[in-house]
Every structure is written in structure tokens, then in C-alpha cells.
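Take a look at this one chain, the form predicted on its own, written out in C-alpha cells.
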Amino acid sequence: MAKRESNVDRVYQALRQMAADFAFMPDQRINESELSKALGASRTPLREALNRLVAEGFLTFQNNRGFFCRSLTPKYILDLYQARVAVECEALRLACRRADDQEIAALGDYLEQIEPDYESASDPAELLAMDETFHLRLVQLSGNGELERLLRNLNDRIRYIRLIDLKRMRDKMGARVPGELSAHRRIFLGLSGRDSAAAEAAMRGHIEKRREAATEAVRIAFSQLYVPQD
């Protein structure tokens, strides 16, 4: 039993990364036979992994047709951003009530720690990792594990577009991404003052500012997916 579960998990992790990175084209039908050979997996663990990814929103399933990669449209990305606003604002409201002073101070220390790297980093993946860590730590202060689970899922599904957006900003403005860290500071100031209204307003503005760039990021994503880069 343990060996079977381990094999399912191996296949699931490989497929999840492929789906997150759009190794399958948007709306592409998944060829189970080819995947089975490529991953060295039998039909049963492959099907289990595919069904898990449907449940998590990375794939879709159509009766009598099979599994498909998720869509990549401006509406899909906007929906993810709206869900992220809802999750993070609720988590922040709870954190303002539940987090103790030591936990909040630790988050402030982390913000101080990453500031020099955030200002100088030119790698979009590095910038995104710091941003995601900050937001996850905020959600963890809510004491609600389900909100954290939801945010992790949203992050994984939106990461491909966020990396494109950050690269576009970096190419336009240089290594520094203006305003991002100050937005984090405004959120933190609201949290540290236990002012949930101010903290939520700062969070909402921070996320929605990047949501506005979704359409252009999706256009760039399609050009990268369908036009091979040299």
C-alpha cells in the first residue's frame, strides 16, 4: 500500500508541476497513453493524480472526452485575483484579532530582512518567492489553516502569469519594482496597529494593482507558449 501511495504521489507531483508551468497548452486534451509512458506510470496512479489535479483546478474533465489543461484567459486570471483578494483580506482581518505581538514582530523582522534583496533583485522568480513568503506568513497569522491552503493553491495556479508580469515590470523599470515593498509596509502597519480596515484596504489595493496587468500578461503568455523562444 505504501509503495502504491508513493507512486501516486510521484506522478501527482510531476503532473502538478507540468500543469502549473503550462507544459500542456491551455485547453489541450491530455494524452494519457503518452503520459503513462513518459512518467513510467500505470493507468491507475495516473488517473488518481489527474483527478486530484482536476479537484485543485489545474485540469478540467469532460465526460466521454477526458482530461484537459485549464484555460488561460484574462477572465480566468481575474477570477483568481478576485479569489486571492477575498482569501487574503479575510485572513488579514482574523490576523488583526488573533496574532500575538511576538508573531507580528517576527513578520516585521522578516520585512526588514528582505528589503535590501527586494530592492536589488533582478530575477522575477526571486522577487516572487519573497512576495509569496510575505503573504503566506500573513495568512498563517490568521490561525486558519484552510485559508492558508487556499492561498497556496491560488499562488500555484497564478504563478506563471505573475512571473511574466514581474519580468515585464523589471524590463521596464530595472531591477527594482517600485511600490511593492511600500505596499507590504502599509499592510504591515495596519496589522501591527490592529487596524483591520486599514490593513485590508492596503491589501486590496496591492493585489488589485497587479490584477489590472492581467490582460497584457496573458497576451505575453500566449506568445511564449505558442511561439517558441530562441
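Just so it is clear, the structure is predicted and the values come from calculations on it, not from any experiment. The numbering used is simple: start at 1 and walk along the sequence shown.
We do not show the form predicted in complex with a further copy of the same chain, though everything after this point is about it.
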- line: Answer key: of D100, E119, D79, D109, within 4.5 Å of a further copy of the same chain in the predicted complex (heavy atoms) is D79
- request: Scan R185, R204, R194, K167 and let me know which has any heavy atom within 4.5 Å of a further copy of the same chain in the predicted complex.
  value: R204
Proximity to a further copy of the same chain in the predicted complex (heavy atom, within 4.5 Å), stretch among 159 to 167, 22 to 30, 186 to 194, 44 to 52: 44 to 52
- request: Answer for A83 alone: is it within 4.5 Å of a further copy of the same chain in the predicted complex, judged on heavy atom distances?
  value: yes
task: Indicate whether E146 is a 4.5 Å heavy atom neighbour of a further copy of the same chain in the predicted complex.
output: yes
- prompt: Should L150 be counted as a contact of a further copy of the same chain in the predicted complex, where contact means heavy atoms within 4.5 Å?
  reply: yes
query: For R93, is any heavy atom within 4.5 Å of a further copy of the same chain in the predicted complex, or not?
result: yes
- request: Note that a further copy of the same chain is not shown here; using its position in the predicted complex, name the residues of 100 to 131 with a heavy atom within 4.5 Å of it, in sequence order.
  value: none
